[in-house]
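Below sits a lone chain in structure tokens, taken as the form predicted alone.
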Amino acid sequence: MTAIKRLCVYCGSSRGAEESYRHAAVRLGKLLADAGIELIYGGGRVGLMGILADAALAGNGRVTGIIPTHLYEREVAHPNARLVVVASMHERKQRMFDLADGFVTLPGGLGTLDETIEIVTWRQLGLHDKPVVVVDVAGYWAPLAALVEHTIAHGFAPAAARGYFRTVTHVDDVLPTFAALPEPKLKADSSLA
């Protein structure tokens, strides 16, 4: 059983085209706050990131945003989240990884895709065994699952790649999915606790 105290959520800095994406972000923020799980995210106040953080904060949840200086200076930083300002996008991703007990992906753009692929790749390389859950809201991430199958079929990834992340279709399934997975061996960095 995976005990989650801090969950890193990757999602868009835009709202996206479907209202279901916004609903998923609101619901996940509420669920995290209700469960006493700290949200670790990109630190933005815009798009799904801002919606997610607002929902967690509205439920008296703890929210930590990791934001690079160049984005902080553009005034996209969330004014009510606890912010950690870092020098680069690389440092942001590393810091998010260090703090998190697990990872969730909601709909998002190329940055969200980059973060998700990187964290799954780190798992493939044996750099961590923290759980990763992709929330396939309204079929948004179906192409990602198809791409993973394509890489397996063409000999570029092992069949085990299917197990590097779990896919759920509803946000309400995220926390039960984590609870059902084995405890990871690597622990989150507690320096910011």
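In this text, residue numbers run from 1 along the sequence as written. These numbers were taken from a predicted model, which means no experiment stands behind them. For the two forms, the rigid core is made up of the largest set of C-alpha atoms that agree within 1.5 Å on superposition.
Keep in mind that the form predicted together with a small molecule is not shown, yet the notes after this line are about it.
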inquiry  = Between L32, I40, V137, M49, only one gets a heavy atom within 4.5 angstroms of the small molecule in the predicted bound form; which residue is that?
reply    = M49
remark   = Of S20, T169, S14, T177, the only residue with a heavy atom within 4.5 Å of the small molecule in the predicted bound form is S14
query = Can G102 be called a contact residue for the small molecule in the predicted bound form at 4.5 Å between heavy atoms?
reply = no
ask   = Should E91 be classed as touching the small molecule in the predicted bound form when contacts are defined as heavy atoms within 4.5 Å?
value = no
task = Mark L71 yes when one of its heavy atoms lies within 4.5 Å of a heavy atom of the small molecule in the predicted bound form, and no otherwise.
result = yes
query = Given that the partner is absent here, does D114 sit within 4.5 Å of the small molecule in the predicted bound form, heavy atoms only?
reply = yes
Core-superposed comparison between this form and the one not shown, R74 Cα displacement 2 Å or beyond = yes
